[in-house]
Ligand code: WT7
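Shown here is one chain on its own, the form predicted alone, set out as structure tokens.
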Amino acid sequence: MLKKISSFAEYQQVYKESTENPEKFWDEIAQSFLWKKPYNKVLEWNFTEPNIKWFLGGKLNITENIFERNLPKFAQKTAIIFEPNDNKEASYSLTYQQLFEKVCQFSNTLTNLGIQKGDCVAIYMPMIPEAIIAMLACARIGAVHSVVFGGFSAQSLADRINDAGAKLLITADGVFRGAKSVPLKEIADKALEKCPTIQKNIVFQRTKEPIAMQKDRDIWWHKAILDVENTHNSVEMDAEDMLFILYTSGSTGKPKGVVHTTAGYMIYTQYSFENVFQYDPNSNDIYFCTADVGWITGHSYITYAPLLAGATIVVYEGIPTFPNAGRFWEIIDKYAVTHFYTAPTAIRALQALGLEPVLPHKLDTLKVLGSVGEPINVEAWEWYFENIGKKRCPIVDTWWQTETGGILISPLAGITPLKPAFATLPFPGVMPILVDNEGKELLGNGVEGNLCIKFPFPSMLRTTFGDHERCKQTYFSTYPNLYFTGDGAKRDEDGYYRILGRVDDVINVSGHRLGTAEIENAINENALVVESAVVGYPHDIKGQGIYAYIILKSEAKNMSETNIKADILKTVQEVIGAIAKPDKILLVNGLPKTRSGKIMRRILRKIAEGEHNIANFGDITTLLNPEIVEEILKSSKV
């Protein structure tokens, strides 16, 4: 357990120390970890190449810091509680000792199949403990894992396997998702037709539906681990050895393989987890994050940081609304969850279903609520605070990215004074600045601009796999000597940050810069609205006009479209002003979203611009709901 900040005055003091002497600050935190060989230099960096190295010369293994460091104290403590998709199926738990033995056994299994330090292993799994066991086994033997979300298509899986040059795939026969099961192995087989680097494919038996197994390539997980020893000495890793590659969609072109390395990622994620969530491993705290391991949140704040901290985590296989819309709340009560971390998309979807699914549940064990994935709007924040947290649980509205590895701007639970929809203040060691479009720093408070980071922190990306130039061009070339986040932000009179969404999602209306998140927040405050997405489109007079796609609540069905739109425009005028009123409103049944819940504004922008040929929208097969694109396109033509 690392030293936790316990008051706002202490946060201010620690933040000051962390920015005045960052090397000394991170050096002190790093002493709490288990090193095979100590590092000889804390930091070496420049943002021009870029070249970022932390804890140079240090040797370690991240899984020793989860197991060997924690087992003397937490061997019999529950590490993972598994809650299956169907609540009629039995749940089960693993202690730290049991998890350690399973990880060691699977480490030996991978080694038996010829996987060595530096090899890449692709993981395409349901949200089950075996996905975490596979990740940790890779880390223990020094293999690089590349997890691909189990909802991605065969083409998306093949693209990621080929880019990373993975030698082994770990998958399952299928995945349960709500009332249906998805044939994961069948999708993987289709992908592997185009993946010459894959030598073996380990298949976990989850759904027990019949599948084809390819001789000499496919091997059942339960057979692969037969008679394999459950002790294993971890492989020594350099502080800067690659831990994993995680692919994130680029705004153009193929997905980018974001690379995270071992020591800095380990140290930053544990320290941020314990402080942001104020998690106490010595108590009965139970942590439930609803993300999937296929995303960075599942890597950092389900797998690595909580287990490094000795936490008890709930791993949930299913969706928020199966078998009913109260499933999250049922799980919270069932396991006496204290810390709950989910996405605004989920909050808004559950909010739209009303309070009926919430009311039967006590939710009285909750201490901290978290929000992740996108800026949370005021209405969703307030609903979450009042109805889930019962006005007593702080909400940590966390801002960070796949590329940052860990949370960068967030309240510390119960310590930072909150403001709805504000990510509030930077985490210790993080140095954000706002710049204008020319890269000039905007000093003081009450300013709005492009959010950049001026100094490295231990968990930031090192490169994009196989294409360092792309890393440089994407993140370090827009503004010299700065990491550009791609987001716009506002810093208010208290120095609090509010994330306004992607900079390419900032609309310039008659010379006024308006963040789409800000306009969406205003629209969503209307009582008739479930969710909205706003994009800019070319406007003859204003330069850019505002086009809003809006999903309505069921109570709006008896109202005329004219009255609905007038009511929404009135709300926007009241919340922001007439300048922010949408020029066009399209009422829709859904929005195109990625599997992680992000709205694909690129598609909505094309429709708003009058593009009617769906072939020009790029690959939509990886969307959660590709059919909605055709539906919106038809509505827009009417």
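In case it trips you up, residue 1 is the first one in the sequence shown, and so on. We call the rigid core the largest set of C-alpha positions that still match within 1.5 Å between the two forms. This one's a predicted model, so the numbers in the text were calculated from it and none came from an experiment.
Here the subject shifts to the form predicted together with the ligand, a form of this protein not shown in this document.
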{"item": "Heavy atom of G449 within 4.5 Å of the ligand in the predicted bound form", "value": "no"}
{"item": "4.5 Å heavy atom contact, V372 to the ligand in the predicted bound form", "value": "yes"}
{"item": "Contact label in the predicted bound form: T297 to the ligand, heavy atom within 4.5 Å", "value": "yes"}
{"item": "Exercise: R502 in contact with the ligand in the predicted bound form, heavy atom 4.5 Å", "value": "yes"}
{"item": "Contact residue in the predicted bound form, from S560, S283, T231, N508 (heavy atom within 4.5 Å of the ligand)", "value": "N508"}
{"item": "Residue among E130, E240, D159, D487 with a heavy atom within 4.5 Å of the ligand in the predicted bound form", "value": "D487"}
{"item": "Contact segment among 95 to 103, 396 to 404, 529 to 537, 351 to 359, judged by heavy atoms lying within 4.5 Å of the ligand in the predicted bound form", "value": "396 to 404"}
{"item": "In the predicted bound form: members of 29 to 56 within 4.5 Å of the ligand, any heavy atom", "value": "none"}
{"item": "Core fit, then L34 C-alpha moves 2 Å or more between this form and the one not shown", "value": "no"}
{"item": "Rigid core superposition, I579 Cα moves 2 angstroms or more between this form and the one not shown", "value": "yes"}
